[in-house]
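In the form predicted on its own, a lone chain appears below as structure tokens.
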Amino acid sequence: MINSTSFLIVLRFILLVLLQVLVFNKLNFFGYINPLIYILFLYWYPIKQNRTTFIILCFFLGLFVDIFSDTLAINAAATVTIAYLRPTIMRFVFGVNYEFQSFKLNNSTKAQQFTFLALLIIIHHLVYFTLEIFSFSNSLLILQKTFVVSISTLILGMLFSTLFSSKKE
């Protein structure tokens, strides 16, 4: 029998892939800005779950987005990279609090949540656009696309995070 946490993880996985593929891949703000909202899966994934399972799920998340976006495993590589780096990013953002068993993302401050999401998005986009462009002579283009798409993803990510927050204030 599936428990509520596993059900929620599977539901988020499916909904974020569908939302990315059916809605956000079709959006082209100013011709080249496509928010990559599926990264929220890494933000919302429970902290104390099995890390190996998390990395495998992130690989399949990126792979499914790649299959429907025709991007040759670039999303999978970028998603696995930030899945691997997530504990380090969390230690950097949340400090000692991250190590406690009772730590929950909703109990942290808004500034910490924003910083954590921003770092996930920036690292993902930097890896993504470096692999997509794959030319160090176009470093300025990589940084420009990383910055612009990160801003749009961060705005939408904070919007979705606020709308679907389980914490009632």
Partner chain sequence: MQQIINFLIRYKIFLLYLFLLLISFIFTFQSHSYHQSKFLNSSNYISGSIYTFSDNITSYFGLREENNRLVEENKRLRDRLFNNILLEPSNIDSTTVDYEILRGRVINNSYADQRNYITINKGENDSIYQDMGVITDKGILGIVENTSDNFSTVQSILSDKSNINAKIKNSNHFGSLVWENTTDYNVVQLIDIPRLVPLTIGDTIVTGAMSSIFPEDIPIGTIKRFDLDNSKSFYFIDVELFNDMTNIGNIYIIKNLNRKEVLELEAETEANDQ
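Numbering follows the first chain given and starts at 1. Keep in mind the model is a prediction, meaning the values are calculated, not measured.
Although not depicted, the form predicted together with its partner chain is the subject of the following passage.
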Does its partner chain come within 4.5 Å of a heavy atom in each of K26, L63 and I133 in the predicted bound form? yes
Between L143, I67, A111, I47, only one gets a heavy atom within 4.5 angstroms of its partner chain in the predicted bound form; which residue is that? I67
Using 4.5 Å between non-hydrogen atoms, is T115 touching its partner chain in the predicted bound form? no
Hey, in the predicted bound form, is K104 touching its partner chain, heavy atoms inside 4.5 Å? no
Report whether the minimum heavy atom distance between Y43 and its partner chain in the predicted bound form is within 4.5 Å. no
Going by a heavy atom distance of 4.5 Å, is L22 a contact of its partner chain in the predicted bound form? yes
In the predicted bound form, which residues of 5-20 put a heavy atom within 4.5 Å of its partner chain? L18
